[in-house]
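Just the one chain here, the form predicted alone, laid out as structure tokens.
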Amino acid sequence: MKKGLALVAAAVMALSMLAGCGGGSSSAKTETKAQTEAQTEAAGESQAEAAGTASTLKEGVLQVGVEIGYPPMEYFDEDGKTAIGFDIELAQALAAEMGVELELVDTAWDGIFAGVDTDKYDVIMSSVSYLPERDENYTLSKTYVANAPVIVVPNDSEIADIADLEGKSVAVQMETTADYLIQEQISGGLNTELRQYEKVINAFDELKTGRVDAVCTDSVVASYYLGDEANNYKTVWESPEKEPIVMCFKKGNDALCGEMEAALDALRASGKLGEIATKYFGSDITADLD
């Protein structure tokens, strides 16, 4: 895919990381005072947790980097201003579970990772696929959606498999796993014309007008972009390997990763995660995740 959990004590956070906090009477008074202070301190900690004490850049605010242009994961509603989609609603639910406010930072995909590196936001939640090289350079959460690259073609196309792209043209959103997949195929000897676009919607526009033979993209977004014309197209190939979608943090930010994973677990346990998934995908595609 592109561009990818309730606060807990420090010990729980560490476990939730990806692999992927004088005389007798005087002694009695001292003991009573110590017990009172301990109770007061515990109450204060409980109140602090309820108020939201996430390890975020801005106190009380979770700043999330997104590329709002990748339905049904993140996109603008009909008013052109309101951000909606699976990632958006999940980010809202996570922030609420953590007791903090949510601030979305709309960022172009080609600069989204640089943004988290330079502390422009706390985390990227924008259909980020798990890749080994990303795992080396960033702190990645556990999977929250499983996805897979697919190839979409017109119903009358003779393309039936990825190998059938030989001598054909295929459109992708640049710097996505679909882009990398086709580049790997070309490196392996596949003679296909790769056309890269800044937005995935541009790739589907090219398919609809007949300027390319196929589109390679994510299974969770393919049908959405075809819209009312979906019946005129078909998915002819899907990668046998599922593509984990994760949250992406600046390297070493294990504390916030743990807090958000704990909140994600709470949303899964309450059924809220499945509810959001069903709303956007038609079924709870998160049910079988570990």
Partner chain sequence: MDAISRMVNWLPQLLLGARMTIIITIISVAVGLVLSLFLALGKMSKNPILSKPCSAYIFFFRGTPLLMQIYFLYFGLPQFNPALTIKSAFVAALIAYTLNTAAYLAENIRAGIQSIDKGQYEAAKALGMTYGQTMRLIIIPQTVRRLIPPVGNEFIMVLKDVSLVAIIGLSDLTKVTRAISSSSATALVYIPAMIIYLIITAFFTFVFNKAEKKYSVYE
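None of the values given here were measured: they were computed from a predicted structure. Residue numbers count along the first chain shown, from 1.
Missing here is the form predicted in complex with its partner chain; even so, the following discussion is about that form.
All of 268, 279 and 286 within 4.5 Å of its partner chain in the model of the complex, heavy atom check
No, the candidate spot makes no contact with its partner chain.
Sort through 205, 164, 135, 103 and report the residue having a heavy atom within 4.5 Å of its partner chain in the model of the complex.
The residue in contact is 205.
Pick from 198, 77, 119, 158: which has a non-hydrogen atom within 4.5 Å of its partner chain in the model of the complex?
Residue within 4.5 Å of the partner: 198.
Using a 4.5 angstroms cut-off on non-hydrogen atoms, would residue 174 count as touching its partner chain in the model of the complex?
Although its partner chain is absent here, residue 174 would touch it in the model of the complex, with heavy atoms inside 4.5 Å.
Does its partner chain come within 4.5 Å of any heavy atom of residue 187 in the model of the complex?
So residue 187 does not count as contacting its partner chain.
Exactly one stretch in 189-197, 140-148, 110-118, 214-222 has heavy atoms within 4.5 Å of its partner chain in the model of the complex; which is it?
Of the options, only 189-197 has residues within 4.5 Å of the partner.
Note whether the distance between the C-alpha atoms of residue 176 and residue 253 decreases (closer) or increases (farther) in the model of the complex, against the displayed form; the change is 3 Å or more.
Farther apart, by at least 3 Å.
Since the C-alpha distance between residue 180 and residue 124 changes by 3 Å or more in the model of the complex, give its direction relative to the shown form: closer or farther.
It is farther: the C-alpha separation of residue 180 and residue 124 rises by at least 3 Å in the model of the complex.
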